[in-house]
Ligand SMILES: CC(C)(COP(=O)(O)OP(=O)(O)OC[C@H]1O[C@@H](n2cnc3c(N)ncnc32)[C@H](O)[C@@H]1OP(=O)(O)O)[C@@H](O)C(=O)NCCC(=O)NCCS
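Okay, here we've got a single chain as structure tokens, the form predicted on its own, with questions on binding and movement later.
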Amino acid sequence: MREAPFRVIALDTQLDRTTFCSGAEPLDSYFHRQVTQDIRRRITACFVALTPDQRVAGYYTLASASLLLADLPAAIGKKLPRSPSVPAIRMERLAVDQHFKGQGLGGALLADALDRAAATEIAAFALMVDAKDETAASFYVHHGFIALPDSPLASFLPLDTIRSTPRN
């Protein structure tokens, strides 16, 4: 039986992050210099995909957030409680090292984030993202996310969608 190419775990501060290079300077800089401070301050949680030799192949971060009811498509918003916002989980960053691009790792990291968000015991309506550009926005829409009507780079996926989808 073949070993899985990646294992996704919470970021261990002992891991070598210096060689990680996604090609997006803000994502790389954050991962190299800021993420551990944000974890310590409980602002974000970071998960990394590791190769069998402990190389970081990709990462994503999750944090609590809220979605304004007024920002949601009317058909979805009318089914929710009449409060100004609903609880959500925000995927703040998602990056794959250039060496591992084109292998489906971005989609696998997104699936892992969705599984974690859906499994949490803390109430959350959706996983939301703010894409950095139209290419990233298309990636999320391809994976079932719904763009916010007035913010095409912002999208969300109701967690009930994940909870009701059978897993292998």
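Just so it is clear, the structure is predicted and the values come from calculations on it, not from any experiment. Numbering starts at 1 and runs along the sequence shown.
Below: the form predicted in complex with the named molecule, not depicted.
- Within this chain, residue 39 is remote from the site of the named molecule in the model of the complex, having no heavy atom within 4.5 Å.
- Residue contact check for residue 45: none of its heavy atoms lie within 4.5 Å of the named molecule in the model of the complex.
- Not displayed here, the named molecule is kept clear of residue 113 by more than 4.5 Å at the level of heavy atoms in the model of the complex.
- The named molecule is not drawn, but in the model of the complex it has no heavy atom within 4.5 Å of residue 32.
- In the model of the complex, no residue of the candidate spot (77, 127 and 147) has a heavy atom lying within 4.5 Å of the named molecule.
- Note on the partner interface in the model of the complex: the residue among 65, 136, 50, 69 having a heavy atom within 4.5 angstroms of the named molecule is 136.
- Taking the named molecule as it sits in the model of the complex, the stretch 90 to 116 comes within 4.5 angstroms of it through a non-hydrogen atom at 94, 95, 96, 100, 101, 102, 103, 104, 105, 106, 107.
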